[in-house]
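Starting off, we have a lone chain in the form predicted alone, written out as structure tokens.
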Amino acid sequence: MKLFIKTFGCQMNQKDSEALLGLLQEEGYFLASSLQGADIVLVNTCSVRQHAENRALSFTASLKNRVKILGIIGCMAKARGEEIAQKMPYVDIICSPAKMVEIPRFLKEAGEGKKTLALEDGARPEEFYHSSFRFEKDRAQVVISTGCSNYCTYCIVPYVRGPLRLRRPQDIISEVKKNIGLGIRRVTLLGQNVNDYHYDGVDFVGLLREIDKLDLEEISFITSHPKNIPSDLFYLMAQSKKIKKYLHLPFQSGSNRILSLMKRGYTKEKYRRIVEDYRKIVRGVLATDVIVGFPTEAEADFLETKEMLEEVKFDFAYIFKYSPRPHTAAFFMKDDVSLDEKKRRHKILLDLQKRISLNIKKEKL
């Protein structure tokens, strides 16, 4: 039977789908090049925003009675698995991120008519990352950590991917070397917050130094957190000929009051100092994430966020409307910014950032 995975969400989800496809290919499954040729469809989901969940649910519903085996896997499976099992009884497999390594067994059982609801959390076994299947021929993504223990009040990640779990440095380096053996010379290191990496005396900068010694053309990483960015990271980025001069550093809000409610662990003043250091030392590209409409966000708070965009002039900014996520602390706050107001603020910042990005592009010509 031919298998297809539809992926929603971030690069971490893309890497999960890639690793899972490689695992299934080694188990003898044929990979369908498109949805139309598939007998089995797995929908790898994201729960960071309600919109992502809605898209995944709508897509899954459209496949009812169209494929032999249908599964919902990933973050939304963990967050809403029991609900999905009740509302979508035609879904054969519902599997959390931690249990993906067992999907070959779940597929076999589904072929025998057994449904699976695997929602447990836990450490992901290292063999999940061992296949040689890659989506791209010239770039690979390498997971250095899964989960998160920061518990920002709006973020569901710790509840669907579990607490921070680190891969061993030797396992990460072995995977990078395997990619080099496959002819790949560009790698991206992935973590919810790469700065949190500390394993037996090896911190993130130490890990980067070791990878920088390997036969690579380019090393990049996402995502960094402003609260604990290493002081020596920028100097390494500036000195290295391989580490990409690109930093994704979400600030989320320009209001200290909102940042405190979000439990982000820094102020807008600290964020600006980090940006100043980065631009002085690295002189690289800067990207960010922004949330509008967080509970109690007043017009004055929003204008501080707008001011941050105007002052910093990010190369890229990913701007989102706040949506309450179950299990999070903010879920229990009143979602008191209307949808219309969120849309208004969202559009203002989108239009502003488009102008900023266009001006930066013109200046570089």
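Because the structure is a prediction, the values reported are computed rather than measured. Counting begins at 1, following the sequence as shown.
Omitted from view is the form predicted in complex with a small molecule, to which the following refers.
- Only one of H51, K321, K313, K306 comes within 4.5 Å of the small molecule in the model of the complex through a heavy atom, and that residue is K321.
- T223 is the sole member of T223, S255, S96, Q141 with a non-hydrogen atom lying within 4.5 angstroms of the small molecule in the model of the complex.
- Only one of 172 to 180, 201 to 209, 245 to 253, 129 to 137 lies within 4.5 Å of the small molecule in the model of the complex by heavy atoms, and it is 245 to 253.
- Among heavy atoms of E109, none comes within 4.5 Å of the small molecule in the model of the complex.
- Contact annotation for M100: none of its heavy atoms lies within 4.5 Å of the small molecule in the model of the complex.
- At least one heavy atom of Q192 is located within 4.5 Å of the small molecule in the model of the complex.
- Mapping the unseen interface onto this chain, R264 counts among the residues with a heavy atom inside 4.5 Å of the small molecule in the model of the complex.
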